[in-house]
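Given next are two forms of a protein chain, the same chain in both, each as structure tokens and marked structure 1 or structure 2.
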Structure 1
């Protein structure tokens, strides 16, 4: 009997709302739905064994927000910094919506239990972060609210607690594998429950995707091992577009070896980047912002220092790096504000940050692009039409707040603010929406065929070898620096790796807690997303934000747009365009000229 025919949907669950991804964005959204509409039944699917293991918990530095009553900082400064940081490619309606609602969400978090760090006067403490400045770029701003160096953990504690309070049901160690549609409307998803090895259909009035990032296709990355682009692959397989996937942020200070983040908070507290000669080199590249320039700029500066022979090579990991100097920072700051991050250096590279220089190198960190949505978090198709019943928020979504480069601390800001926005949208939508009726006959057909292929595959290809080859080609040819030759070679190599991936043989045919089966599935997702990244990067013949083309080093007016990409057959990527919203500039209000196509200097 054909293996695909043996696979079937075991159970049908019928909540009102399905949340795919139980990180900060997904659970902030769930909490908002329940506040607006008490008693709403919600199922949240999470790939990890507890929502507390979601990647939001790893966020360290802070969440940018400006109180409208602040005597020094202003919301318009934050809006300007976000626009400038994006290299003039974020959507201004989203910038305005998010920046104006940031402080409201700080208050919401605190009133629901988050313990923000405080000043001696009892006010919420703030620290500076790269690209955040006062007076339209003249001097650094103290704008990031934080909970020591575990801000993401504080957010997760809070939204998880709210979700439990409201009765959200969790499917832990489960993965959404296929979206279900009926008459053009999304009515849920097919979920694979690893612990039982069974497929479950979850039918819902509204489906919210919040599966986070995807950077595990890179050799050096800060992402946890679950960030394999599963949600984006589902979007592509449904025939829907993704947007700006070539905009991959490399955080400048990953710890050499594991790639774990050495938070920008370290530089916010006074940390200094130095080359092999001990020179504070960022002064040469960004005379005003120095070590707190935006991440794309700092990453390129570090790689330039290394390329030009002013970097170091770590004796144990054999990787090039520069130094982060924390030795001059007062002991009480080491012990109270950056204790956990300092401990990472001790644990992973045997370095005492209070006495020794710390080795750092750029690490793949964040996706600025994602599933395209409007300002209410409604997912759009390639014609910019709303897909009924389907929503997205957090790092998975591209509304787009970040354009081609995200400022530090704007990620936590986005997941909380847009989580709330999407919650409001969903609560209103489901009020007058009927429950899905019978499950479509073809539901699960695509994923059953995919899993059957894994179970039936014969061959001698090695998963680890293909995975490692993928990471090398993406790091070397689709990384911080890109060019036509490297990108073209990467595309051909990805095709070969995809072909090889079809000849991997499972050592166990069981569906229950089969880690190897999950790795095969994740590798397919990574290969799919990597191809789209490379194709989009090859088509964008300019340098903008985190996308830097050595053969086209300047920003070009020809590419003043978002890139939409669809791929229903591997390697055949269809590209489209979405205009960048310039509504603040077009409104001709006060300071509107600051939101035109401006020069990007720091």
Structure 2
């Protein structure tokens, strides 16, 4: 009768390649492997019903890329914008690789059927996007290729279609739970199949991790329900480091409730932020740029208003917020240029933006950090040695293209460029690598113990309370604003929450499609990642990109490095450093001075 004792590996599957996470990055990679090496057997695992449901499908804006034949825009401008945007903390070897191969990858997508929006001449249309400029920051560049307001869906459909075409096998509604190693080499993972409630071991020559974003530990987030940091938790549990986790990007105007982005375009067309008293508060903070100041600044101003008691609290969603006023914008602009986004307010909060104020609040949007890799997507350990057989790409990985701050449209670009790079690396690696032989005795041991603990736990702690407490403490103390006192308190609170999480009792002990069981596991992952974020943020006594310390508001040369973090036991985080690659600067090329330590000013 005891379910916990029965946990075991039910089946062993043996493809050549295992892809954990079938989003844009994972499947671009899978498609590349199949193109390089037709007939490669690949299993791709995803938490959702079908790869098409992965969060890449929700991205709207576009994907930046410069065609080397472009008469106006130049690749070096794009590289500069990325470097500057990152607050001098991205790796220049990655910037170069990604920006130089961007256009080629756009063409790849187009040839494989993506429905890009077109110019009159029938070519791929481009639009401007924040932070992307011509001539080293002078005029805005038309650089983002897009498919209407569903660029991510276009990418997802294309790479998913190609993977189907090549016969990639999918394990849907399944979660990877533990990596399997043999003599230091990664040989696959233990996967829990929700629908059958069984564990399978997937043994492969190479394992690629591409589990995407991980921002569900924040009270308001644009991330999907599945972005619970499972992949990173697996990395930490394997004793491997994660990098720059404290770099979390907030978008200033998330729609209260669902956290959906109300794009900058609304403020671009004249939208005004107002506090509870109706005051246009941005005038006080940024007299010139006002509502159009950079994302991180606007987020901080909104949070200041809220903290100083000039925000509102939403009666239904119980969230603090300010208002976005679009009422004065002429009808024809509402009807043409901002129709889609202003429609979100109608659809998701029942507000008519032409007549009513719209509730907005900063939303956790993107995590720049992740599993550290080199420029080939090979995962590194804390001594920066490669872990054989283990690769990473997409939002999950930190190569790092974004450093401490990502430019809009650079993430989708990273998925397809680095996805391809990793595909090439893997195709070469498996060529002369043997299949893993037997499955190690102890494979799954850790996750079985973890699941057994959930199944056997007794106690009166409530999952929803712990989850909500986590999301509030992260938002308030490890969010837009950080300081020593808040972070120290947050770390203590997290320890307490982790402790309480061990006393949650399952209502049903079924293993089949047991949503509550999955949530317990996801909560543990979120708690783990949150602790690392808080620890890294406490150690980084400076402000850089998205990481803002009230007690250290300036960037400091002392922290001109990436942060590596391993967690040996809960709350005990060991920090290390990885130098930032400055190869463009060091190559002393024509514009190399632009790639030195420069100010991030707009």
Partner chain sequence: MPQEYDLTLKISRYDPDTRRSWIQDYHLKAGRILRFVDLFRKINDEQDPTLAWRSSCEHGQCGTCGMKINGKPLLTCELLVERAVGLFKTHTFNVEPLTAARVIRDLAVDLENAYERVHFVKPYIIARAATHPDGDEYRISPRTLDAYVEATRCINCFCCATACVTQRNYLGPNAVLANIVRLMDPRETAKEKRLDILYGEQGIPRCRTARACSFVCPKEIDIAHFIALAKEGAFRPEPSSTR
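Superpose the two forms; the largest set of C-alphas matching within 1.5 Å is the rigid core. Numbering follows the first chain given and starts at 1. Quick caveat: nothing in here was measured; it's all calculated off a predicted structure.
Structure number, where the criterion is the form predicted alone: Only structure 1 fits here, because that chain is the form predicted alone.
Rigid-body hinge position between the two structures, taken from 362, 44, 341, 128: Among the listed options, 362 lies at the hinge between the two structures.
Estimated from C-alpha overlays, the smaller rigid part's rotation between the two structures in whole degrees: 24 degrees is the angle the smaller part turns through.
Rigid core fit between the two structures: Cα deviation of residue 355 in angstrom: Value for residue 355 between the two structures: 6.7 Å of C-alpha shift.
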